[in-house]
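First, one chain by itself: the form predicted alone, in structure tokens.
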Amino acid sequence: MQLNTETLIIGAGLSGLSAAQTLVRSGRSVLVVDKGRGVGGRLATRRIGDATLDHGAQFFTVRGDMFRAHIDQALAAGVVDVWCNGFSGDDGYPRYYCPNGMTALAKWMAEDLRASGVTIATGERATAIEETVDGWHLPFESETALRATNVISTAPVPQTLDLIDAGEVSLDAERRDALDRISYKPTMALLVTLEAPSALDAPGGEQRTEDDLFTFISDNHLKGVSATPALTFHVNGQVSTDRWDDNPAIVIADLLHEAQPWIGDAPIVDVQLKTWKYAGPYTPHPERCLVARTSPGNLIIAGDAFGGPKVEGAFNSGVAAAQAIAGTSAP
């Protein structure tokens, strides 16, 4: 099946959805595709029995006016709320979360897009980005093919480069070098559900450093996400790299041993290990997006590796990519 669209957006995470919203508001037609089963990307929530756990992004802050306007709407809609103003004291910056799990922010944005007539196709994995005389051609594993005047890819940069290379699309040396320099850290997330309260204190979050085994620990019940006690442990990038190919059962046993101080005496109900190969950039690109090609149509690379690795940076990157197509300057 062959479909046509003005702008195809690869990735239904925060960057892809913010790009889509920006283009729709400027009167452009958009189609969004994602290889995952649902929207959100690293705005990810998992249910294990009666427990609900955020296992990707745990919270976000707001620093700029553009993202603040978006989050003010989400606050008014009851999609987000304030978790706390810091995990080791009040620093004046609210940490926002979604009471229904972090994926709720992406679902809310997706509902707005669908109400505007935008198709968001999940479970669709592109196999290449190919150049044509008047735009771009993308084949998919499902045997669907798309033709688009413009493409915005918000997938992790190595995955985007795989698509570009599969389609034998040439980039100039400076842009290709800039993309090749972007590297990511992997992250393992240990998810533990409990029969009794954990040993973590209110507000239910402990932010640590990359020198610690666990960089962030969250009690999803104290946070207000889970009906029952449930902990998320994010493992630092180096250990995640070193243990990536190890037997998952052994990794879980080792991590559980180290997690015991936060589990305390609570009996464990279930344990799962979630892995993020591209959890965040070690070396983000300084600009909010990269215009890789302008002919035969725009090919723009965006995502949380551009202009800042945080949730707000991902949002701003998608907006910047859309504005590059719409012909307006980024804020």
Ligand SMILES: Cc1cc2nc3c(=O)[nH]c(=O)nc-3n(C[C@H](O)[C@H](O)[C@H](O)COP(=O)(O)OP(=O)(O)OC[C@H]3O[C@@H](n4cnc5c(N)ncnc54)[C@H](O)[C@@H]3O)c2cc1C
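The structure presented is a predicted model; accordingly, all values stated were derived computationally and were not measured. Each residue number is its position in the shown sequence, starting from 1.
Keep in mind the form predicted together with the ligand is missing from the figure; the text below concerns it.
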| item | value |
| --- | --- |
| All of Val79, Pro197 and Ala230 with a heavy atom within 4.5 Å of the ligand in the model of the complex | no |
| Distance check, Arg288 to the ligand in the model of the complex, heavy atom within 4.5 Å | no |
| The ligand contact at Thr154 in the model of the complex, heavy atom, 4.5 Å | yes |
| Exercise: Asn150 in contact with the ligand in the model of the complex, heavy atom 4.5 Å | no |
| Arg125, heavy atom within 4.5 angstroms of the ligand in the model of the complex | yes |
| Among the candidates Ile120, Leu191, Val251, Leu163, the residue which, in the model of the complex, approaches the ligand to within 4.5 Å (heavy atoms) | Leu163 |
| Single option in Arg42, Arg46, Arg293, His70 placed near the ligand in the model of the complex, where near means a heavy atom within 4.5 Å | Arg42 |
| The ligand in the model of the complex: contacting segment from 258-266, 293-301, 271-279, 22-30, heavy atom within 4.5 Å | 271-279 |
| Sequence-ordered residues of 47-81 touching the ligand in the model of the complex, heavy atom within 4.5 Å | His55, Gly56, Ala57, Gln58, Phe59, Phe60 |
